[in-house]
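Only one chain is shown below, in structure tokens, and it's the form predicted alone.
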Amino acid sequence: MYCLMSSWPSMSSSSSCFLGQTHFDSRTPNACLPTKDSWICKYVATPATETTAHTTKVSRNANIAKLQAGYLFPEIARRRSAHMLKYPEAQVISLGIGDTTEPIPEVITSGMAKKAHALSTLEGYSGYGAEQGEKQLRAAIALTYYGDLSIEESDIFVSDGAKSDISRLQVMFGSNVTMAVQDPSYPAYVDSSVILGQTGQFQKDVEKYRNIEYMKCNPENGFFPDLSTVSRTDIIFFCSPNNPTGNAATREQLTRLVQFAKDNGSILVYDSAYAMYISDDSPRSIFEIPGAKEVAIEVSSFSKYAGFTGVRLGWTVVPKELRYSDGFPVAKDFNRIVCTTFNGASNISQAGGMACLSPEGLEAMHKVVGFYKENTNRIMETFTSLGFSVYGGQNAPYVWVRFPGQSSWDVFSEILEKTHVVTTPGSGFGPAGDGFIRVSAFGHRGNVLEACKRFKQLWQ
């Protein structure tokens, strides 16, 4: 519209044409044109428009919709970021997400650098490799970790990490299998089962998904499930040393587990990603147990040995003796899954793996593991001196601390708020983890010592 006014001084803030400066909407395009004796103000009204996002006709995967909130570790990272915004001057120390912090030994990085440089030469360039991994590396893994266990190079599948292989195994198993898992345990086992459609809906009253057998592991049963109370399932996920409790199963316990799987016709998926941290005589591989090759798959990784959390390199062992109910070899199906979904681990990462398994590389990895184990000792000593019940630590880079009668997330929040230290709430690993927190030993020594100092100031 247009408003014609005789002169500027005669304008009133209550003018119905101008609407008053106090009500002026700066979002409305306008033009005010001065003349000799008057102002002509032109207002162009912009109608309010509501934008509606375009939607497709594709329905959301109902299984993904079952998942509760976010994946545990991104949720912790989100809360850490929010805390840092609230306290921008605070020195926040992370002993939560189990990410390595110390540099990769030079003997290992030099192997990767040499391979990377070779790729810039005509003689050294290579493109796609075997999806199962380079033959030399598969043979070195078999010799180093399974030398006297009759595991062959052809049983080894090199990958970009154990977490990825867990999901590939789940794709291979499909949606019609039943699954058992330690409670508490690494969240990827349960979440991948939900995504694949192996489970029912989440039951908020018990914090469990339907159709998953939760095998309770707590101090009262020595962190090993009472198998006499466990229902038969097709697949059993078992991690030792366990993440998050840090407990390593004994030879006698694993012998019972293998027999349980054999009696029930189940497949055992054994996660040995922390085996190099074992200090006592606990088995480092499930294949140390007689008969395991007929019922078990093992997944493992260089992540926590060599600091490869960013480099990404792991492996899975599928023995040729492992067969489905119709006699078909499981390894053939896994090979098909790998060839369909994966182009093989990076050739630079695999060169790093070869360097890891050299005599010098193995020595360097043991030093890295030793460093984190010393951190673990400091954390365990701190919480023990404060009167807490402390578990794990001896055979794993995780300390499992009990807070009876308290919510894990409440304890997590109190520690973060009062000490600026990030831990991990035990309930994030399963309902049996509530009342515990996991403290990771992955951290610079100075940060670990400072965190221990803050813990003492909070609870002494």
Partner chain sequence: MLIPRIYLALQNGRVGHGTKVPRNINMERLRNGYLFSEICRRELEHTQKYPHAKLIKLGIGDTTEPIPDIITSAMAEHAHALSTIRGYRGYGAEQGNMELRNAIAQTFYRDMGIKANEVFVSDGAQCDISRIQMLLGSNVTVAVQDPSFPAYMDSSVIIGQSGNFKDETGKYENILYMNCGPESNFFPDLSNTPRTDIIFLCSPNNPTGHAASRQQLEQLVEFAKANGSIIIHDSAYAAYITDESPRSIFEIPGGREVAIEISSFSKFAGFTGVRLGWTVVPEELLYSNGFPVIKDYNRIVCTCFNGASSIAQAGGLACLSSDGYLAMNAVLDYYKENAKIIIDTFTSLGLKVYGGKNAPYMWVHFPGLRSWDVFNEILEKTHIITVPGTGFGPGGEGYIRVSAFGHRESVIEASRRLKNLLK
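Everything numeric in this text was worked out from a predicted model, so none of it was measured. Residue numbers count along the first chain shown, from 1.
The protein also exists as the form predicted together with the partner chain; that form is not presented, and the subsequent description refers to it.
Participant: Can you say which of 171-179, 375-383, 249-257, 218-226 gets within 4.5 Å of the partner chain in the predicted complex, counting heavy atoms only?
Facilitator: Careful reading of the contacts points to 171-179.
Participant: Contact with the partner chain in the predicted complex for I97, defined as at least one heavy atom pair within 4.5 Å: yes or no?
Facilitator: Yes.
Participant: Would D191 show up as a contact with the partner chain in the predicted complex if we use heavy atoms at 4.5 Å?
Facilitator: Taking the distances in the predicted complex, the answer for D191 is yes, it comes within 4.5 Å of the partner chain.
Participant: Evaluate G344 for contact with the partner chain in the predicted complex, applying a 4.5 angstroms cut-off between non-hydrogen atoms, and reply yes or no.
Facilitator: Taking the distances in the predicted complex, the answer for G344 is yes, it comes within 4.5 Å of the partner chain.
Participant: Any of the heavy atoms of Q203 lying within 4.5 Å of the partner chain in the predicted complex?
Facilitator: Q203 lies outside the contact set for the partner chain.
Participant: Pick from G387, P74, P290, P88: which has a non-hydrogen atom within 4.5 Å of the partner chain in the predicted complex?
Facilitator: The residue in contact is P74.
Participant: Pick from D333, E207, E360, E153: which residue has any heavy atom within 4.5 angstroms of the partner chain in the predicted complex?
Facilitator: Of D333, E207, E360, E153, the residue with a heavy atom within 4.5 Å of the partner chain in the predicted complex is D333.
Participant: Within 4.5 Å of the partner chain in the predicted complex, do N61, D234 and R323 each have at least one heavy atom?
Facilitator: So, yes: the whole triplet contacts the partner chain.
Participant: Note that the partner chain is not shown here; using its position in the predicted complex, name the residues of 92-106 with a heavy atom within 4.5 Å of it, in sequence order.
Facilitator: The stretch 92-106, when checked against the partner chain in the predicted complex, contributes I97, G98, D99, T100, T101, E102, P103, I104, P105, E106 at the 4.5 Å heavy-atom cut-off.
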